[in-house]
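Only one chain is shown below, in structure tokens, and it's the form predicted alone.
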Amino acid sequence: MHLDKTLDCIGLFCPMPIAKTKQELDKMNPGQTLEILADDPGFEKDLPAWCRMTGEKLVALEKEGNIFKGYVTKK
């Protein structure tokens, strides 16, 4: 998977990881992929729900230890 940018949201809690994801995607071009790192337990449910609401493409959501890695491609 090609990543265009990584957003570090470790240490941030709801709603900041999603708010920062939106801010970062707004700066990107359609088709570019953003990797988001977060340790907020709510991120696991919030990111897929936000992608469904906004139409952004959730490519993958993985968990490594207590860190979530979300991959979103801008529509």
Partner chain sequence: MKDKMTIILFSGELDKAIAAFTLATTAALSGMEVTIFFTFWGLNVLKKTTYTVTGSQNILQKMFNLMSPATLPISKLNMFGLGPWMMRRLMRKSKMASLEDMMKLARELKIKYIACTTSCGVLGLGPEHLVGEVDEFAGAATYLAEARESNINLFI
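Here the structure is a predicted model, which means the values were calculated and not measured. Positions refer to the first chain, counted from 1.
Separately, the form predicted together with its partner chain exists; it is not shown, and the next lines address it.
Contact between Lys22 and its partner chain in the predicted complex is found at the 4.5 Å heavy atom cutoff.
In the predicted complex, no heavy atom of Gly65 sits within 4.5 Å of its partner chain. At least one heavy atom of Met16 is located within 4.5 Å of its partner chain in the predicted complex.
By the criterion of a heavy atom within 4.5 Å, Leu58 is excluded from the residues contacting its partner chain in the predicted complex.
Residues Trp50, Met53, Thr54 are the members of 43-75 with a non-hydrogen atom no more than 4.5 angstroms from its partner chain in the predicted complex.
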